[in-house]
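One chain comes next, on its own, written as structure tokens: the form predicted alone.
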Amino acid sequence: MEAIKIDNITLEYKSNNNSIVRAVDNVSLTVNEGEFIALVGHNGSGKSTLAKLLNGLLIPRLGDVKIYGTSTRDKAKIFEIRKNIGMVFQNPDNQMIASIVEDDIAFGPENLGIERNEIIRRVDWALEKVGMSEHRKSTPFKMSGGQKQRLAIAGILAIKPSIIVFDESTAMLDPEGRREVLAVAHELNKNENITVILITHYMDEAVNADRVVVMNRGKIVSDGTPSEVFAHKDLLESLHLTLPLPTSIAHNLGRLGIPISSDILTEEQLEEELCKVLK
């Protein structure tokens, strides 16, 4: 089933000098239910603008965006669309409302008019899914960046969306915080069948996605499995994107004449290939 259908959309805005900038330029993309998509590109490539088009925060000038068959242009259905697609943004502080963790997570379902006992069940479930049950009575503002971002995810989960968009959600985190958030994203995708759109400029975050979509100047310039996309080293470097470190090492070893696979994405794969070579 198609979770997201983007059909030839274009979005323009005026820059500070009144020139017209195409933030998204004739983009088409289909995301199936349960897929994990990594959307990558340098700053200004259009990926975050595309995220805002998915839940109707922005409406394209041309083309159409459909979530489970419903167009974001249909103002009467925008509430239903936003129940289906949750957004986790870069700064978790901007998504926190209450001074107690469980109250903050309950905020979304309360605004949807969910019955109280069901809200309690959802808060319990969401906290468990992000590994933060023991912090339900804590204040979120004293927590680490990774913990805050996991709570922001829990707040989205309590609404029970079918799709979650992580819009540069790891950009402000240290490596441990990034690992925490990515682990939650993959767990939700695998065990809850939640469709995930991970927007990032960290290539190592994209290696475990089902597909990697690369944007540049508002256009999609590459779309495929991680192995397929990262095989195009020259293209990515021309877009100022760096390969995952294990992939880069494998490419460089190959150039030196060492017989090593170019499909390497992870440290474990690199270690295995090097062991074969050394034997």
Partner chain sequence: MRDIAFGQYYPTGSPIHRLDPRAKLVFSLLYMVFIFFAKSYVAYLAIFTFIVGVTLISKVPFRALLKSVKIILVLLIFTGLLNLFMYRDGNILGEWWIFRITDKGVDFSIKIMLRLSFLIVGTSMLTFTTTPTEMTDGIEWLLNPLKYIKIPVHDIALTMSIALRFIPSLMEETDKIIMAQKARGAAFDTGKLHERAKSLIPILIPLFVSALRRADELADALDARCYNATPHRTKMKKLAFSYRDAIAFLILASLICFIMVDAYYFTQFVPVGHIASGLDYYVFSWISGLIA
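Numbering follows the first chain given and starts at 1. Everything numeric here is computed off the predicted structure, so don't read it as measured data.
Not on display, but discussed next: the form predicted together with its partner chain.
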Candidate from Gln147, Thr200, Gln95, Thr195 lying within 4.5 Å of its partner chain in the predicted bound form - any heavy atom
Gln95
Only one of Arg73, Lys83, His135, His186 gets a heavy atom within 4.5 Å of its partner chain in the predicted bound form. Which one?
Lys83
Please state whether every one of the three residues Asp7, Gly46 and Ile59 places a non-hydrogen atom within 4.5 angstroms of its partner chain in the predicted bound form.
no
Is there a heavy atom of Asn216 lying 4.5 Å or less from a heavy atom of its partner chain in the predicted bound form?
no
Interface membership of Gly177, its partner chain in the predicted bound form, 4.5 Å heavy atom rule
no
Does its partner chain get within 4.5 angstroms of any non-hydrogen atom of Glu102 in the predicted bound form?
yes
If we define contact as a non-hydrogen atom of the residue within 4.5 angstroms of the partner, is Val123 a contact of its partner chain in the predicted bound form?
yes
Partner-facing stretch of 65 to 73, 239 to 247, 36 to 44, 49 to 57, counted where any non-hydrogen atom is within 4.5 angstroms of its partner chain in the predicted bound form:
49 to 57
Suppose contact means any heavy atom within 4.5 Å; which members of 138 to 164 contact its partner chain in the predicted bound form?
Phe141, Gly155, Ile156, Ile159
